[in-house]
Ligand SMILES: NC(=O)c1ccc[n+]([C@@H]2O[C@H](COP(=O)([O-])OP(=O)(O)OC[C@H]3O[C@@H](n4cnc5c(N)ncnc54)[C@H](O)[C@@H]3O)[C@@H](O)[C@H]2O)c1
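Below you will find one chain, with nothing else, as structure tokens; this is the form predicted on its own, and questions on how it binds or moves follow later.
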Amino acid sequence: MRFDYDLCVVGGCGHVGLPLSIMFATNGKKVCIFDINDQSLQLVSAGTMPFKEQDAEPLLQQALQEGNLTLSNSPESISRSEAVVLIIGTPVDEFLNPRLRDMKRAIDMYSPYFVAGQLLVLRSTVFPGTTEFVVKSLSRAGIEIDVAFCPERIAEGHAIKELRELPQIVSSFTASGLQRAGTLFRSLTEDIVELRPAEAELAKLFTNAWRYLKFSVANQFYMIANDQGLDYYAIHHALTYKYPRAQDLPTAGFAAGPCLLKDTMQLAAHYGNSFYLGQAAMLVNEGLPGYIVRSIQKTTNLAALTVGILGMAFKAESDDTRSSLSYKLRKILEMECSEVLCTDPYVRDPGFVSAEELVRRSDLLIVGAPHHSYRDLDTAGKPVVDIWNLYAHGGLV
């Protein structure tokens, strides 16, 4: 059968799908983005990135001009594509348990559009066993296609660079699925690592859980040092300076975003809620906003103060607020302070104020996301709570 497109990326206007689509198109593939978000489709079709992604917009415009990138809001584009990349992950619910119905709903919804002989690639993080579930679901429906799980391991905001440079894990239950997935991703990188699907699913969860654990260690170390009136960053420098065995010790700060906590809790659920290290890491990282407020209250009466939060994205130089702990910090402060002000150079929110107005109106400043622009911000001598060490004092007072 002759297909119109080399691949269709389902959910292709999001943080995972769009950079991937751009890179495949830039490397000569005929790519169709299928997405149900009409606003994002309009932006992308006009050559505008709907979110911040380094070096992506010129490549997006190039792919559109060359005719390698097409956009659609119709699932019929799935049937016209040799390979289908499904950007549907496994979120966690309010009880931190994996919510599997999203994947089931997606397979039920789109399976009528699959065509015999296609390759289906699951790209987002999935709960262990999901790849096998998808294979069995399609088989029961009489759909014979190759299914692969090829996890995304990109640092958000750096996809264009890392899709070229990082090894790509590929997995499938069939030799043909493994070969086809490897061939597809070799258009981006020659460095391919083959695993069984269950191994690949755990590899993705292990990756994010390991990062989350490391951040929790740094945050716990920060709390220990701070509670004794000591400078964590002086200690950190001493540990890491020309000492290779401590180079991977992070600095302190909010460990947030759409993946790290979620994937650590998925791993815990998969292991019978016996992943004690991951659960302890969650308590440390999610408890950091409360720790900051409690530490301030030891020396400062917040009740009559206006507090300003510098940065509401989940990390520096990002416009993504998903699971940002700056919002958790704001909720806690709203119970304790006279007023809480927020600002962020990348996040659009009509309730935010400019950084300059925030400094002028606030009695106390807290760095929520250490955007580079804040380094040159005139804080007018106001006290700054800076666990990130953005201003080279890393203190809570």
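Since we're looking at a predicted model, the values are computed, not measured. Counting begins at 1, following the sequence as shown.
This protein has a second form, the form predicted in complex with this ligand, left out of what is shown; the following refers to that one.
Heavy atoms of Ile36 reach within 4.5 Å of this ligand in the predicted bound form, making it an interface residue.
In the predicted bound form, at least one heavy atom of Tyr110 sits within 4.5 Å of a heavy atom of this ligand. Although the partner is absent here, Leu302 is not a contact residue: none of its heavy atoms lies within 4.5 angstroms of this ligand in the predicted bound form. Taking the partner from the other structure, this ligand in the predicted bound form has no heavy atom within 4.5 Å of any heavy atom of Glu201. This chain is drawn without this ligand; in the predicted bound form, the residue among Cys259, Ala313, Ile292, Ile309 with a heavy atom within 4.5 Å of it is Cys259.
Between the options Val134, Met265, Ile88, Leu120, the residue in contact with this ligand in the predicted bound form by a heavy atom within 4.5 angstroms is Ile88. Across the options 245 to 253, 80 to 88, 323 to 331, 226 to 234, residues that bring heavy atoms within 4.5 Å of this ligand in the predicted bound form belong to 80 to 88.
Between Gly89 and Gly14, the Cα spacing is smaller in the predicted bound form than in the shown form, differing by no less than 3 Å.
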